[in-house]
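Taking the form predicted alone, here's one chain by itself in structure tokens.
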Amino acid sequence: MNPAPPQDLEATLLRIAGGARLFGLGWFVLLAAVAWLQHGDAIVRPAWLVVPALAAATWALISLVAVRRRRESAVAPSLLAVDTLIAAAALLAPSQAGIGDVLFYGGLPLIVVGIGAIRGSGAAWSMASALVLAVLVRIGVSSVADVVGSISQILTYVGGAFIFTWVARILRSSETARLLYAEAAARAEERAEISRHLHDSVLQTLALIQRAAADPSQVTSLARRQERDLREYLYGTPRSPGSGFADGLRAMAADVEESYRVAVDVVTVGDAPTSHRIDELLAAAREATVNAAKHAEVDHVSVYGEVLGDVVTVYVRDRGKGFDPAQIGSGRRGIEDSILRRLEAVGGSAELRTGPEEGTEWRMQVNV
């Protein structure tokens, strides 16, 4: 089952159909007026020019009201049927008025074929209009030149029906594919965000609970803090008014100190209001600080944050045993997902300096 065409594309196509109808009707009225001025003496049945021209002008106003006030579709069957009748009158008008050397084959008739292509699959309506108009082209043909000309017009209408329908289908399928891709990308990003949050909070807490299994009070404290974190994540509990980057960095440090029993020294210069980018920077800084507390085998970690203009930077340093980034196993996703990709997703960056027995330093930065 194919997905429904995007509503914004359908609205655009309907506006195109309405505008094309008005343009085609106006074009026919102009051609009829020019034919009257140039061939007035040769016209034997003037009603065949006057009546269709008046009908076209009147229908232009009626269709405009029908679409705008009654909110009727610009490609409703009733509107398309009247369009076809007026286009048929346009084709018959010159020969019936006695000025057979004047041709109204283009303009309105071809536009009517195009409007029909916009309706649903379009092929049936567009082809039906094309065939009706093509049959009318044959009326009054008396010479070989007329036969050749009429055949070319028939091919124009039938070919136009295929082309207009093909273009409408391409537009619908392309826009649908684009929206489906955007939706899939949004869902993938949402899954990645959930994965990062689970890694940064739930999985870390579960590891701590395992290590503190012999201390019921600590297990209870960890569980309660994790419960609060999950409630905030699920229900979007807002921060207290006035909190910003500096407060968030200090709160992060206090949380890591309590959870990992490692001193975290925090120094901040300047401040910035909270935002999605600041939140992602603080989350990445927390991951770096937690990694230091868990793996560096140190008693304290240094965190420095500064705001210079629209640039916010955080440094996380420890003098621990360091590590070789190339030796990190594929099962440990904290550095890749929770720091590097997290900051890249908001236009930020992260740099890592470390090595065996050299300590570790992270430099993380975003623009606000």
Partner chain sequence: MADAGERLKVLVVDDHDLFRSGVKAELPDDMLVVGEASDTEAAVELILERRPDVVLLDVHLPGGGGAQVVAQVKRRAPEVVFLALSASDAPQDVVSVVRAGARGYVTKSIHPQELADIIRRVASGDVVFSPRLAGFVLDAFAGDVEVGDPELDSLTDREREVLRHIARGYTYKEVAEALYISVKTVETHVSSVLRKLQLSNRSELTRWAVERRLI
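Positions refer to the first chain, counted from 1. Quick caveat, the model's predicted, so the values are computed rather than measured.
Here the subject shifts to the form predicted together with its partner chain, a form of this protein not shown in this document.
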Quiz item: So which of 261-269, 76-84, 290-298, 189-197 is the stretch with heavy atoms within 4.5 Å of its partner chain in the predicted bound form?
Solution: 261-269
Practice problem: Flag this candidate site as yes only if 315, 353 and 361 all have a heavy atom within 4.5 Å of its partner chain in the predicted bound form; otherwise mark no. | Solution: yes
Exercise. Report yes if any heavy atom of residue 338 sits within 4.5 Å of a heavy atom of its partner chain in the predicted bound form; otherwise report no.
Key: no
Quiz item: in the predicted bound form, does residue 63 have a heavy atom within 4.5 Å of its partner chain?
Solution: no
Quiz item: Taking heavy atoms and a 4.5 Å cut-off, does residue 36 contact its partner chain in the predicted bound form?
Solution: no
Quiz item: Does residue 304 reach its partner chain in the predicted bound form if we count a contact as any heavy atom within 4.5 Å?
Solution: yes
